[in-house]
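Read the single chain below, which is given as structure tokens and is the form predicted alone.
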């Protein structure tokens, strides 16, 4: 029997990598393969779906292929380096440490360690799978002998929930007059550059519409940056114009998307950027800095900026938020672009590339 076992540092619910890992496990099993998930840690909600990675030898078979979901530092890396089975890397990107320099030395050291582990694993792997050409190029540069680009398995249809009525009503009540609302979804982190959005908001309110608002959704994982961002908002007198959301349910997140007029992303480093796909799913027009993998993820469904100068961002965001014709063009392009991220297509492609390694027939 074909066996493709996955390894992941942490298996988490409502997490892009966790959802991807579990979806692949289900696809492998449905294809008649043996497939288990081995993890360093697993959330209590889904702990019965994972086995501790150190127990893998008890399950090992002569024809196993090991698939590692790479995105952070973990002792799982050293464990896999010690194994003789064919190793495949599924790379989800690691933020370079220099973005955290001066903010959180511990985080900078952790991502540095993760990149060292990736550099050791890449030449050892028989295949590197990346969710973007941008990530695939990094694997190749590190010595990965062969790479394939396969978009992450994202349940686009699962985002079609009706917005939470209470959250939608609250957001509508807090909206100032008819001023446009900008939205960005992503953890508060220096590479995401929320501070640029705040400065652009200040300009937009002075130049175009004093009722313009900014909604930021995401956890404050980089504490020092989050604290500095709050201080910057206060310094510019924007405390009433910037709203933050954390730990939202899918229906609550849908409400935040529905309450916005434009999705604005000025992140300086993205390996894929799932929130762009979420914005497309909710017909929300996009303005984004053309950095990292953003151009290949967004395609023609965004106004792509060559600069993150606050004046440039403010002008583009206001134009898109207030131009109904342009909004319609971008929303239609986003609906077409969604076909590129069809989860069934991604699952089939994973079966094809991994089945070829394992010698397994794959039904089309």
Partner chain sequence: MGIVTAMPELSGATSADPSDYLQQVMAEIDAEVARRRASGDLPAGLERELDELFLEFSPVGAQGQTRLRESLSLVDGSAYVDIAVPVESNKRAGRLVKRTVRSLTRFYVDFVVHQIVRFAWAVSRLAHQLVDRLEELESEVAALRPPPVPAAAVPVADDGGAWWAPTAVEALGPATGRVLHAECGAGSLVAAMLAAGIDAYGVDPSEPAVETAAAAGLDVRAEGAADHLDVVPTEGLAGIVMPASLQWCDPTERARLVALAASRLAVGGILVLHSSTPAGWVRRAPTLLADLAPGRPLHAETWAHLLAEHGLAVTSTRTGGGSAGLDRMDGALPGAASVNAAIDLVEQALLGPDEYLVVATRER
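Quantities reported herein were computed from a predicted structural model and do not represent experimental measurements. Residue numbers count along the first chain shown, from 1.
What follows is about the form predicted together with its partner chain, which we do not show.
Remark: residue 47 does not count among the residues lining its partner chain in the model of the complex, judged by a heavy atom distance of 4.5 Å or less. Its partner chain in the model of the complex is not approached by residue 337, whose heavy atoms all lie more than 4.5 angstroms from it. By the criterion of a heavy atom within 4.5 Å, residue 257 is excluded from the residues contacting its partner chain in the model of the complex. Its partner chain in the model of the complex comes within 4.5 Å of no heavy atom belonging to residue 116.
When its partner chain is considered in the model of the complex, only one residue from 172, 101, 81, 221 comes within 4.5 Å through any heavy atom, namely 101.
Interface residue among 242, 229, 94, 284, judged by heavy atoms within 4.5 Å of its partner chain in the model of the complex: 229.
Shown alone, this chain has one stretch from 195 to 203, 70 to 78, 275 to 283, 147 to 155 that lies within 4.5 Å of its partner chain in the model of the complex by heavy atoms: 195 to 203. Heavy atoms of no residue among 252, 293 and 342 are located within 4.5 Å of its partner chain in the model of the complex.
In sequence order, 300, 302, 303, 304, 305, 309, 310, 311, 312, 315, 316, 318, 319, 322, 323, 325, 326 are the residues of 293 to 328 having a heavy atom within 4.5 Å of its partner chain in the model of the complex; the partner itself is omitted from this view.
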